[in-house]
Ligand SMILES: Cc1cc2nc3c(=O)[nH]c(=O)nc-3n(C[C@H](O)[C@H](O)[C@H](O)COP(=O)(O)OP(=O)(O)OC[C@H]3O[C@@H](n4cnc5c(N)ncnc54)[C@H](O)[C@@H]3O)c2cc1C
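Single chain ahead, by itself, as structure tokens, in the form predicted on its own.
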Amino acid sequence: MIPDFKEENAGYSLPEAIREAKRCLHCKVPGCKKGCPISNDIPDWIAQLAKGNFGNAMSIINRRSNLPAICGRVCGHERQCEGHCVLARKGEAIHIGMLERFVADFDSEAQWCHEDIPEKSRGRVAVIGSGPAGLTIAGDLSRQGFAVEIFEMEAEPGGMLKFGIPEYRLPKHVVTREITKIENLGVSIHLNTTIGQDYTIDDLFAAGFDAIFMGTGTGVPKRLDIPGIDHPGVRQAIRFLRRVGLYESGYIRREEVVIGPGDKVAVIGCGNTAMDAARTALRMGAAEVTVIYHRGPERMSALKAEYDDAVKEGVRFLWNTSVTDIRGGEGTRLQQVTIQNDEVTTIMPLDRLVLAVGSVPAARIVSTTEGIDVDERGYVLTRDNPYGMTTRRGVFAGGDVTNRPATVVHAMQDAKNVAEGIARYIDAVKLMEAIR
């Protein structure tokens, strides 16, 4: 049976959530908080949840997280908060992700928690991109009294949260709901607006913004040096997933997704993106999906839970194997690839090949703006004081475009630090202006 795009986990019921919350030991030195990249006050809000104080639980979560319903679904809990839970030693870690998701979902449905919106008098900030880094910057700074406007090139906000993570892991309505909460803080979002094309960084400064944040992610896939790699039957994972997201949202036709019923598909790479691409290919009707990885399973970067789910759905894995040659067939279809395992070379019939080997930033903004330096791979260079500021005064960057984070929550962690840097910078500039 071909799996569908419905969210796989139904989440906790109210009695289940309360029961799970009551298992928390409320450690004096909570390992779960140390394991959380954004230092969420996990024992505190779990204690409130256990007592049925849902509004208090949500208020505590809001202090550190702008996207709890998203983090509760897609964070690497097994390596972070839950992996550091003292009960994990017995294999009985508190299911923190499920509890966070429950609180966030319950609050959205009941509209229990209402935040005070501060007067926007500290300055104006432009945020380029509405992925996890951009949304975190917007939420944090808006809560601190800054007027924030987001500029997004797509027709919907959310970035990779909306068009990069499959629906079965992160439903689009959940992303929309979290973004609406940020808009309710007073954040404005401009859609179908590409900075570096419609407007430049200089245009934004001329419009009166005190600081600008670049949270544009990495949109240009890395390239592998394999003969035949430029054949149209070879697709990049991030672009494949984006096309599926656009198709599900009604922006493109089914045939524009390319991978379809009966296709034999292989995915190169073994991170979470590779798992998403492989499982999504099955949902688009692929007859066979094989993940090809040049190392062993102990070296894969994908979460074990994601790997286990892929195996359950029928994805095959070839370990310590590399693709050495790609042969094209008619039109956009491949004919075969040559794979090598140790010293054994094999011909593998194939229709489509998906590359999940990482990506680098696009140069659209940097090429239209003077003074923003990048490294040899195109990642934006930033400083530590004020944290996140580029070599162009007043322009900050964070998230994937700086090559620091690797997951949604790590992008949020980096963005929270940049938000502090932006606030310090604007306050200092305005103080100097007042002294003159």
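Bear in mind that the values here come from a model prediction, so they are computed numbers and not experimental data. One rule holds for the numbers: they count along the sequence shown, beginning at 1.
Absent from the display: the form predicted together with the ligand. The rest refers to it.
- Only one of 167, 263, 154, 149 lies close to the ligand in the model of the complex, with a heavy atom inside 4.5 Å, and it is 154.
- The listed set 128, 350, 315, 259 contains one residue whose heavy atoms approach the ligand in the model of the complex to within 4.5 Å, identified as 128.
- In the model of the complex, the ligand sits within 4.5 Å of a heavy atom of residue 364.
- Put simply, residue 216 is close to the ligand in the model of the complex: some heavy atom of it is within 4.5 Å.
- Contact check for residue 142: no non-hydrogen atom falls within 4.5 Å of the ligand in the model of the complex.
- In the model of the complex, the ligand stays beyond 4.5 Å of every heavy atom belonging to residue 310.
- Figure note: of the listed segments 287-295, 321-329, 238-246, 175-183, the one touching the ligand in the model of the complex, with heavy atoms no more than 4.5 Å away, is 238-246.
- Looking at 183-203, the residues that come within 4.5 Å of the ligand in the model of the complex, counting any heavy atom, are 193, 194, 195.
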